[in-house]
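This document starts with two versions of one protein chain, written out as C-alpha coordinates and named structure 1 and structure 2.
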Structure 1
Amino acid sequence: MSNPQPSPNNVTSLADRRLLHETVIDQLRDLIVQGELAPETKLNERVLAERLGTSRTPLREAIKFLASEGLVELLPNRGAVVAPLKPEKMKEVFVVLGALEALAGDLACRNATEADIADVRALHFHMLAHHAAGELAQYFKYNQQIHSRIMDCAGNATLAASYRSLNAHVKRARYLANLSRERWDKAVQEHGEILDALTRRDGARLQALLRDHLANKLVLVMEALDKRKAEAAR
(Lines of atoms letter the chains of each structure in order from A and count residues from 1; the text may use other names and numbers.)
(Lines give C-alpha, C1' and ligand atoms only; values in the text may rest on other atoms or scores of the structure.)
Protein backbone atom coordinates (compact mmCIF):
# COMPACT_ATOMS: atom_id res chain seq x y z
CA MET A 1 0.00 0.00 0.00
CA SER A 2 1.50 3.33 -1.07
CA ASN A 3 1.98 6.15 1.41
CA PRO A 4 -0.47 9.04 1.02
CA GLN A 5 1.08 12.03 -0.72
CA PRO A 6 0.93 15.43 1.00
CA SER A 7 -1.64 17.76 -0.46
CA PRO A 8 -0.46 20.92 -2.27
CA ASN A 9 -1.84 22.99 0.60
CA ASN A 10 0.24 21.04 3.14
CA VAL A 11 3.37 21.43 1.03
CA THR A 12 2.74 25.17 0.76
CA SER A 13 2.14 25.39 4.49
CA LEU A 14 5.42 23.60 5.24
CA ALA A 15 7.31 25.86 2.84
CA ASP A 16 5.73 28.95 4.39
CA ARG A 17 6.68 27.82 7.90
CA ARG A 18 10.24 27.11 6.82
CA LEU A 19 10.50 30.54 5.18
CA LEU A 20 9.10 32.23 8.30
CA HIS A 21 11.54 30.29 10.48
CA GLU A 22 14.52 31.35 8.34
CA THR A 23 13.31 34.95 8.14
CA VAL A 24 12.99 35.31 11.91
CA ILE A 25 16.42 33.74 12.41
CA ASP A 26 17.96 36.19 9.93
CA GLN A 27 16.23 39.19 11.50
CA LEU A 28 17.22 38.29 15.05
CA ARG A 29 20.77 37.45 13.98
CA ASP A 30 21.10 40.87 12.32
CA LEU A 31 19.94 42.63 15.50
CA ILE A 32 22.65 40.83 17.46
CA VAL A 33 25.47 41.01 14.90
CA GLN A 34 24.89 44.73 14.24
CA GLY A 35 24.86 45.51 17.96
CA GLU A 36 21.21 46.60 18.27
CA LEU A 37 20.91 43.91 20.92
CA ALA A 38 24.01 44.34 23.08
CA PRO A 39 25.90 41.47 24.73
CA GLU A 40 24.16 40.10 27.85
CA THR A 41 20.84 41.75 26.91
CA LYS A 42 17.91 39.63 28.08
CA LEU A 43 15.74 38.55 25.15
CA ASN A 44 12.18 39.58 25.99
CA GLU A 45 9.98 37.36 23.82
CA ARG A 46 6.94 39.64 23.87
CA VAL A 47 8.93 42.74 22.89
CA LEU A 48 10.94 40.92 20.21
CA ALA A 49 7.86 39.22 18.73
CA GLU A 50 6.21 42.62 18.33
CA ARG A 51 9.37 44.16 16.90
CA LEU A 52 9.82 41.40 14.34
CA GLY A 53 6.12 41.09 13.56
CA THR A 54 5.93 37.41 14.40
CA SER A 55 4.49 35.07 17.01
CA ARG A 56 6.42 33.60 19.92
CA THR A 57 6.72 30.09 18.46
CA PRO A 58 9.01 30.95 15.50
CA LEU A 59 10.83 33.42 17.75
CA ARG A 60 11.60 30.69 20.31
CA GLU A 61 12.82 28.43 17.50
CA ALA A 62 15.09 31.24 16.25
CA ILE A 63 16.49 31.81 19.74
CA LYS A 64 17.34 28.11 20.06
CA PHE A 65 18.97 28.08 16.64
CA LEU A 66 21.09 31.15 17.40
CA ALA A 67 22.14 29.52 20.67
CA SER A 68 23.68 26.74 18.54
CA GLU A 69 25.64 29.45 16.69
CA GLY A 70 26.94 30.90 19.95
CA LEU A 71 25.08 34.21 19.57
CA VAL A 72 22.61 33.46 22.37
CA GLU A 73 22.99 31.85 25.78
CA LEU A 74 20.10 29.85 27.27
CA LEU A 75 20.16 30.25 31.05
CA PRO A 76 18.29 27.79 33.31
CA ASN A 77 15.22 29.45 34.84
CA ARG A 78 16.35 32.85 33.47
CA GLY A 79 15.45 32.68 29.80
CA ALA A 80 17.84 33.72 27.04
CA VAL A 81 20.42 36.50 26.75
CA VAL A 82 22.69 37.74 23.99
CA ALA A 83 25.97 35.90 24.50
CA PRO A 84 28.87 38.01 25.81
CA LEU A 85 31.88 38.61 23.59
CA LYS A 86 34.78 36.92 25.39
CA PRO A 87 38.22 38.18 24.27
CA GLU A 88 40.05 34.90 24.90
CA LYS A 89 37.44 32.94 22.96
CA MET A 90 37.66 35.45 20.09
CA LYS A 91 41.44 35.04 19.93
CA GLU A 92 41.17 31.25 19.78
CA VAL A 93 38.53 31.26 17.06
CA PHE A 94 40.21 33.90 14.90
CA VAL A 95 43.49 31.96 14.88
CA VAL A 96 41.71 28.82 13.68
CA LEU A 97 39.60 30.75 11.15
CA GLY A 98 42.76 32.34 9.73
CA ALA A 99 44.25 28.89 9.16
CA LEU A 100 41.03 27.59 7.57
CA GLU A 101 40.66 30.60 5.28
CA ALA A 102 44.32 30.36 4.24
CA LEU A 103 43.87 26.69 3.32
CA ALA A 104 40.67 27.52 1.44
CA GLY A 105 42.49 30.23 -0.50
CA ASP A 106 45.17 27.81 -1.66
CA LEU A 107 42.61 25.18 -2.68
CA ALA A 108 40.37 27.77 -4.38
CA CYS A 109 43.25 28.89 -6.60
CA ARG A 110 43.59 25.29 -7.76
CA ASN A 111 39.95 24.27 -7.98
CA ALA A 112 37.84 27.35 -8.78
CA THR A 113 36.29 27.58 -12.22
CA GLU A 114 36.25 30.83 -14.16
CA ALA A 115 32.54 31.07 -13.34
CA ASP A 116 33.36 30.73 -9.62
CA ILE A 117 35.85 33.59 -9.83
CA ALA A 118 33.32 35.68 -11.76
CA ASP A 119 30.85 35.12 -8.90
CA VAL A 120 33.39 36.35 -6.34
CA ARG A 121 34.13 39.37 -8.53
CA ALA A 122 30.41 40.23 -8.78
CA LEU A 123 30.03 40.01 -5.00
CA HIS A 124 33.10 42.23 -4.63
CA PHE A 125 31.57 44.94 -6.83
CA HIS A 126 28.30 44.83 -4.86
CA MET A 127 30.32 45.17 -1.68
CA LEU A 128 32.19 48.18 -3.11
CA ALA A 129 28.90 49.89 -3.98
CA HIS A 130 27.65 49.60 -0.39
CA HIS A 131 31.00 50.79 0.95
CA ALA A 132 30.81 53.87 -1.31
CA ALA A 133 27.28 54.53 -0.04
CA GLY A 134 28.33 54.13 3.59
CA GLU A 135 25.91 51.22 4.08
CA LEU A 136 27.76 49.07 6.60
CA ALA A 137 25.08 46.43 7.20
CA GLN A 138 24.63 45.71 3.49
CA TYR A 139 28.39 45.88 2.93
CA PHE A 140 28.93 43.30 5.66
CA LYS A 141 26.49 40.83 4.11
CA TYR A 142 28.40 40.87 0.81
CA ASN A 143 31.71 40.77 2.66
CA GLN A 144 30.66 37.56 4.39
CA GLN A 145 29.33 36.10 1.15
CA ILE A 146 32.74 36.64 -0.47
CA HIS A 147 34.52 34.72 2.28
CA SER A 148 31.92 31.93 2.08
CA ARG A 149 32.14 31.80 -1.71
CA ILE A 150 35.94 31.44 -1.62
CA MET A 151 35.42 28.64 0.89
CA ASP A 152 33.01 26.95 -1.55
CA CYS A 153 35.54 27.36 -4.37
CA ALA A 154 38.00 25.27 -2.36
CA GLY A 155 35.86 22.23 -3.10
CA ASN A 156 36.22 20.67 0.36
CA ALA A 157 32.91 20.15 2.17
CA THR A 158 34.54 19.27 5.50
CA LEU A 159 36.59 22.46 5.43
CA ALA A 160 33.53 24.55 4.53
CA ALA A 161 31.41 23.04 7.31
CA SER A 162 34.12 23.62 9.92
CA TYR A 163 34.56 27.22 8.76
CA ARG A 164 30.85 28.08 8.82
CA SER A 165 30.38 26.59 12.28
CA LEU A 166 33.25 28.64 13.73
CA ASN A 167 32.48 31.81 11.78
CA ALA A 168 28.95 31.92 13.22
CA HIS A 169 30.51 32.47 16.66
CA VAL A 170 32.49 35.56 15.61
CA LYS A 171 30.22 37.35 13.15
CA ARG A 172 29.56 40.09 15.70
CA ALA A 173 33.28 40.53 16.22
CA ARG A 174 33.93 40.73 12.47
CA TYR A 175 31.22 43.39 12.19
CA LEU A 176 32.83 45.37 15.03
CA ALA A 177 36.12 45.46 13.13
CA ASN A 178 34.56 47.71 10.46
CA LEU A 179 33.03 50.33 12.76
CA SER A 180 36.09 52.55 12.27
CA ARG A 181 35.96 54.21 8.84
CA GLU A 182 39.73 53.96 8.54
CA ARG A 183 39.63 50.22 9.21
CA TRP A 184 36.64 49.81 6.91
CA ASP A 185 38.56 51.46 4.06
CA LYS A 186 41.57 49.24 4.78
CA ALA A 187 39.38 46.12 4.70
CA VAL A 188 38.10 47.11 1.25
CA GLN A 189 41.69 47.53 0.03
CA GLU A 190 42.56 44.09 1.41
CA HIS A 191 39.57 42.58 -0.38
CA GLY A 192 40.78 44.05 -3.67
CA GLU A 193 44.12 42.33 -3.16
CA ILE A 194 42.34 39.08 -2.27
CA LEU A 195 40.30 39.20 -5.50
CA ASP A 196 43.44 39.94 -7.52
CA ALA A 197 45.31 36.97 -6.04
CA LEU A 198 42.34 34.64 -6.70
CA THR A 199 42.04 35.89 -10.29
CA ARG A 200 45.74 35.23 -10.83
CA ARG A 201 45.41 31.86 -9.06
CA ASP A 202 48.33 32.80 -6.84
CA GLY A 203 47.70 30.35 -4.01
CA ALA A 204 50.66 31.34 -1.85
CA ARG A 205 49.75 35.03 -1.98
CA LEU A 206 46.05 34.40 -1.36
CA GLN A 207 46.91 32.24 1.66
CA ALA A 208 49.01 35.03 3.15
CA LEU A 209 46.42 37.72 2.38
CA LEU A 210 43.54 35.82 3.98
CA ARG A 211 45.56 34.97 7.06
CA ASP A 212 46.69 38.60 7.45
CA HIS A 213 43.15 39.84 6.82
CA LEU A 214 41.89 37.81 9.80
CA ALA A 215 44.85 38.85 11.96
CA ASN A 216 44.12 42.52 11.23
CA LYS A 217 40.48 42.02 12.16
CA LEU A 218 41.46 40.40 15.44
CA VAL A 219 43.57 43.41 16.41
CA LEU A 220 40.63 45.75 15.74
CA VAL A 221 38.23 43.47 17.58
CA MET A 222 40.43 43.40 20.68
CA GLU A 223 40.67 47.20 20.60
CA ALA A 224 36.89 47.52 20.28
CA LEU A 225 36.29 45.12 23.17
CA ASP A 226 38.81 46.94 25.37
CA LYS A 227 37.08 50.23 24.58
CA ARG A 228 33.67 48.79 25.50
CA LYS A 229 35.06 47.40 28.74
CA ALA A 230 36.55 50.78 29.66
CA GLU A 231 33.28 52.57 28.86
CA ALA A 232 31.29 50.10 30.95
CA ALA A 233 33.62 50.63 33.91
CA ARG A 234 33.07 54.40 33.98
Structure 2
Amino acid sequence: MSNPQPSPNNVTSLADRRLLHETVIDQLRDLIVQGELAPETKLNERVLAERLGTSRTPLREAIKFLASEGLVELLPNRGAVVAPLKPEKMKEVFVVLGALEALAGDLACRNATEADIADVRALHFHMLAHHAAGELAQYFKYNQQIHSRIMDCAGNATLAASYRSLNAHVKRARYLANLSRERWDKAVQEHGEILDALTRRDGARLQALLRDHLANKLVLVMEALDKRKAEAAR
Protein backbone atom coordinates (compact mmCIF):
# COMPACT_ATOMS: atom_id res chain seq x y z
CA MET A 1 0.00 0.00 0.00
CA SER A 2 2.02 2.93 -1.26
CA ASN A 3 -0.69 5.43 -0.59
CA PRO A 4 0.92 8.74 0.36
CA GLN A 5 -1.85 9.57 2.82
CA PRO A 6 -4.18 11.43 0.48
CA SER A 7 -6.96 11.97 2.97
CA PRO A 8 -8.18 8.89 4.82
CA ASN A 9 -7.40 10.30 8.25
CA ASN A 10 -8.31 13.84 7.37
CA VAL A 11 -9.08 15.14 10.84
CA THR A 12 -8.70 18.83 10.06
CA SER A 13 -12.20 20.14 9.43
CA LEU A 14 -12.86 22.83 6.90
CA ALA A 15 -13.20 25.43 9.62
CA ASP A 16 -9.82 24.58 11.09
CA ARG A 17 -7.52 25.51 8.28
CA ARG A 18 -7.95 29.21 8.53
CA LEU A 19 -5.83 31.22 6.23
CA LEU A 20 -2.97 33.28 7.47
CA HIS A 21 -4.38 36.56 6.26
CA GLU A 22 -7.65 35.85 8.08
CA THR A 23 -5.92 35.32 11.39
CA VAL A 24 -3.92 38.46 10.65
CA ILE A 25 -7.15 40.38 10.10
CA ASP A 26 -8.44 39.25 13.49
CA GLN A 27 -5.17 39.89 15.28
CA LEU A 28 -4.82 43.33 13.80
CA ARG A 29 -8.44 44.20 14.55
CA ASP A 30 -7.96 43.15 18.15
CA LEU A 31 -4.80 45.21 18.48
CA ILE A 32 -6.71 48.25 17.23
CA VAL A 33 -9.95 47.70 19.14
CA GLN A 34 -8.18 47.00 22.40
CA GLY A 35 -6.10 50.11 22.00
CA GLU A 36 -2.74 48.38 21.82
CA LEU A 37 -2.31 50.16 18.54
CA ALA A 38 -3.45 53.66 19.47
CA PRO A 39 -5.42 55.85 17.07
CA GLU A 40 -3.28 57.50 14.43
CA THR A 41 -0.45 55.03 14.93
CA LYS A 42 1.41 54.53 11.70
CA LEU A 43 1.32 50.94 10.55
CA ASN A 44 4.86 50.08 9.51
CA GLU A 45 4.45 47.03 7.35
CA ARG A 46 7.84 45.47 7.98
CA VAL A 47 7.63 45.91 11.76
CA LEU A 48 4.01 44.79 12.04
CA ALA A 49 4.53 41.78 9.82
CA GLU A 50 7.41 40.66 12.01
CA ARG A 51 5.34 41.24 15.15
CA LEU A 52 2.52 39.10 13.79
CA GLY A 53 4.92 36.50 12.50
CA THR A 54 4.06 36.80 8.83
CA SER A 55 5.22 38.53 5.68
CA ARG A 56 4.04 41.80 4.26
CA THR A 57 1.66 40.31 1.70
CA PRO A 58 -0.97 38.86 4.05
CA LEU A 59 -0.57 41.88 6.31
CA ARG A 60 -1.29 44.27 3.47
CA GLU A 61 -4.37 42.24 2.54
CA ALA A 62 -5.55 42.47 6.14
CA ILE A 63 -4.98 46.22 6.14
CA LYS A 64 -7.10 46.62 3.04
CA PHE A 65 -9.86 44.60 4.63
CA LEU A 66 -9.84 46.67 7.81
CA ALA A 67 -9.70 49.84 5.75
CA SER A 68 -13.08 48.89 4.33
CA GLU A 69 -14.35 48.47 7.89
CA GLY A 70 -13.00 51.93 8.65
CA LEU A 71 -10.60 50.87 11.38
CA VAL A 72 -7.56 51.95 9.41
CA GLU A 73 -7.08 54.76 6.94
CA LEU A 74 -5.06 54.41 3.77
CA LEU A 75 -2.71 57.24 2.85
CA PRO A 76 -1.62 56.97 -0.79
CA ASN A 77 2.09 56.20 -1.01
CA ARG A 78 2.36 56.71 2.71
CA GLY A 79 0.94 53.49 4.00
CA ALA A 80 -1.81 53.25 6.57
CA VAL A 81 -2.60 54.54 10.04
CA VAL A 82 -5.00 53.40 12.73
CA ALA A 83 -8.15 55.45 12.17
CA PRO A 84 -8.23 58.50 14.46
CA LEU A 85 -10.84 58.61 17.20
CA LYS A 86 -12.50 61.87 16.33
CA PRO A 87 -15.46 63.07 18.42
CA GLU A 88 -17.25 64.07 15.24
CA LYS A 89 -16.86 60.60 13.78
CA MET A 90 -17.98 59.03 17.05
CA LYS A 91 -21.19 61.06 17.02
CA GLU A 92 -21.89 59.88 13.50
CA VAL A 93 -21.28 56.27 14.41
CA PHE A 94 -23.64 56.46 17.37
CA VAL A 95 -26.41 57.92 15.26
CA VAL A 96 -26.17 55.08 12.77
CA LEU A 97 -25.78 52.47 15.50
CA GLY A 98 -28.88 53.91 17.12
CA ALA A 99 -30.90 53.26 14.00
CA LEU A 100 -29.45 49.75 13.62
CA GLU A 101 -30.03 48.75 17.24
CA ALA A 102 -33.53 50.18 17.18
CA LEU A 103 -34.30 48.17 14.07
CA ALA A 104 -32.82 45.07 15.68
CA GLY A 105 -34.91 45.57 18.79
CA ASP A 106 -38.07 45.87 16.77
CA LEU A 107 -37.28 42.77 14.73
CA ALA A 108 -36.21 40.85 17.80
CA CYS A 109 -39.56 41.48 19.48
CA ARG A 110 -41.20 39.84 16.49
CA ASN A 111 -38.77 37.04 15.73
CA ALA A 112 -37.20 35.96 19.00
CA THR A 113 -38.23 32.60 20.41
CA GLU A 114 -38.98 32.24 24.08
CA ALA A 115 -35.71 30.36 24.39
CA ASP A 116 -33.87 33.32 22.87
CA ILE A 117 -35.39 35.65 25.41
CA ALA A 118 -34.52 33.23 28.20
CA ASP A 119 -30.91 33.35 27.00
CA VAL A 120 -30.88 37.13 27.10
CA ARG A 121 -32.35 36.99 30.60
CA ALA A 122 -29.63 34.60 31.72
CA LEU A 123 -26.97 36.94 30.34
CA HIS A 124 -28.69 39.81 32.06
CA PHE A 125 -28.41 38.18 35.47
CA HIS A 126 -24.79 37.29 34.89
CA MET A 127 -24.26 40.94 34.12
CA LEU A 128 -26.08 41.98 37.28
CA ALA A 129 -23.86 39.69 39.33
CA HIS A 130 -20.69 41.26 37.95
CA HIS A 131 -22.14 44.72 38.42
CA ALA A 132 -22.88 43.94 42.07
CA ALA A 133 -19.34 42.61 42.48
CA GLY A 134 -17.89 45.70 40.85
CA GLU A 135 -16.18 43.63 38.15
CA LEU A 136 -16.10 46.07 35.28
CA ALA A 137 -14.39 43.94 32.67
CA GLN A 138 -16.76 41.02 33.17
CA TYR A 139 -19.68 43.42 33.27
CA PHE A 140 -18.66 44.83 29.89
CA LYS A 141 -18.35 41.36 28.46
CA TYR A 142 -21.89 40.34 29.38
CA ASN A 143 -23.25 43.76 28.48
CA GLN A 144 -21.80 43.35 25.03
CA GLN A 145 -23.15 39.83 24.75
CA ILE A 146 -26.66 40.99 25.57
CA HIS A 147 -26.62 43.54 22.80
CA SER A 148 -25.15 41.04 20.37
CA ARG A 149 -27.74 38.48 21.37
CA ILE A 150 -30.59 40.88 20.73
CA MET A 151 -29.00 41.68 17.41
CA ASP A 152 -28.90 37.98 16.57
CA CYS A 153 -32.54 37.56 17.56
CA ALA A 154 -33.45 40.00 14.81
CA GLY A 155 -32.53 37.25 12.36
CA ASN A 156 -30.87 39.55 9.85
CA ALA A 157 -27.25 38.65 9.20
CA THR A 158 -26.68 41.74 7.07
CA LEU A 159 -27.89 43.95 9.88
CA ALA A 160 -25.69 42.09 12.34
CA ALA A 161 -22.64 42.51 10.12
CA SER A 162 -23.17 46.25 9.76
CA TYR A 163 -23.65 46.50 13.49
CA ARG A 164 -20.49 44.58 14.29
CA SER A 165 -18.44 46.67 11.93
CA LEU A 166 -19.59 49.99 13.38
CA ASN A 167 -19.55 48.70 16.93
CA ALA A 168 -15.82 48.05 16.65
CA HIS A 169 -15.31 51.81 16.63
CA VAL A 170 -17.28 52.18 19.83
CA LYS A 171 -15.46 49.32 21.51
CA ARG A 172 -12.23 51.17 20.87
CA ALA A 173 -13.49 54.17 22.78
CA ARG A 174 -14.70 52.06 25.67
CA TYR A 175 -11.19 51.32 26.79
CA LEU A 176 -10.71 54.93 27.72
CA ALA A 177 -14.09 55.61 29.30
CA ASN A 178 -14.15 55.17 33.05
CA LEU A 179 -17.64 54.71 34.38
CA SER A 180 -18.74 56.51 37.54
CA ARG A 181 -20.75 54.36 39.94
CA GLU A 182 -23.77 56.54 39.35
CA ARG A 183 -23.61 56.21 35.57
CA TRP A 184 -22.94 52.52 35.87
CA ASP A 185 -26.01 52.00 38.03
CA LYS A 186 -28.09 53.93 35.54
CA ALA A 187 -26.89 51.82 32.65
CA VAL A 188 -27.78 48.67 34.56
CA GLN A 189 -31.23 50.03 35.31
CA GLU A 190 -31.74 50.77 31.61
CA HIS A 191 -30.80 47.20 30.84
CA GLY A 192 -33.55 46.07 33.18
CA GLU A 193 -36.08 48.03 31.19
CA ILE A 194 -34.66 46.70 27.94
CA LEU A 195 -35.10 43.13 29.12
CA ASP A 196 -38.61 43.98 30.26
CA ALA A 197 -39.61 45.42 26.91
CA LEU A 198 -38.16 42.43 25.08
CA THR A 199 -40.02 40.04 27.37
CA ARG A 200 -43.29 41.83 26.68
CA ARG A 201 -42.29 42.04 23.01
CA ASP A 202 -43.00 45.73 23.01
CA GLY A 203 -41.03 46.65 19.90
CA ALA A 204 -41.79 50.36 19.95
CA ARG A 205 -40.66 50.70 23.54
CA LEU A 206 -37.57 48.56 23.04
CA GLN A 207 -36.55 50.76 20.13
CA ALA A 208 -36.85 53.87 22.23
CA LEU A 209 -34.98 52.31 25.16
CA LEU A 210 -32.10 51.15 22.99
CA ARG A 211 -31.83 54.58 21.41
CA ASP A 212 -31.71 56.26 24.83
CA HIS A 213 -29.24 53.70 26.11
CA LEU A 214 -26.93 54.48 23.22
CA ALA A 215 -27.39 58.21 23.62
CA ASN A 216 -26.26 57.94 27.23
CA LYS A 217 -23.30 55.89 26.20
CA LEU A 218 -22.39 58.53 23.65
CA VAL A 219 -22.27 61.12 26.42
CA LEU A 220 -19.82 58.93 28.32
CA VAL A 221 -17.61 58.44 25.31
CA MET A 222 -17.60 62.12 24.47
CA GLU A 223 -16.58 63.03 28.00
CA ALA A 224 -13.76 60.51 27.83
CA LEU A 225 -12.62 61.88 24.48
CA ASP A 226 -12.69 65.44 25.77
CA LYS A 227 -10.72 64.40 28.81
CA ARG A 228 -8.16 62.62 26.66
CA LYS A 229 -7.84 65.65 24.44
CA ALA A 230 -7.34 67.91 27.46
CA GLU A 231 -4.61 65.59 28.73
CA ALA A 232 -2.93 65.53 25.36
CA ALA A 233 -2.95 69.33 25.27
CA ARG A 234 -0.98 69.87 28.47
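Since the structure is predicted, the reported quantities are computational estimates derived from the model, not experimental observations. Structure 1's sequence is the ruler for residue numbers, which start at 1. Under this definition, the rigid core comprises the largest set of C-alpha atoms superposing within 1.5 Å between the forms.
Inset, instruction - Structure 1 or 2, which would you say is the form predicted on its own? - result: Answer is structure 1, the other one does not fit.
Legend entry - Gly192: Cα shift of 2 Å or greater between structure 1 and structure 2 (core-aligned): Not so; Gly192 is displaced by less than 2 Å.
Legend entry - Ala154 C-alpha moves between structure 1 and structure 2 by 2 Å or more, core aligned: No, shifts by less than 2 Å.
Legend entry - Core superposition between structure 1 and structure 2, C-alpha change of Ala204 at least 2 Å: Comparing the forms between structure 1 and structure 2, which are aligned on their rigid core, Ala204 does not shift its C-alpha by 2 Å or more.
Inset, instruction - For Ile63, tell me the Cα shift between structure 1 and structure 2 once the rigid core is superposed, in Å to one decimal. - result: Here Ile63 registers a C-alpha shift of 8.7 Å.
Inset, instruction - Please state the CA displacement of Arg174 between structure 1 and structure 2 in angstrom, with both forms fitted on the core. - result: On core superposition, this C-alpha lies 3.9 Å from its counterpart.
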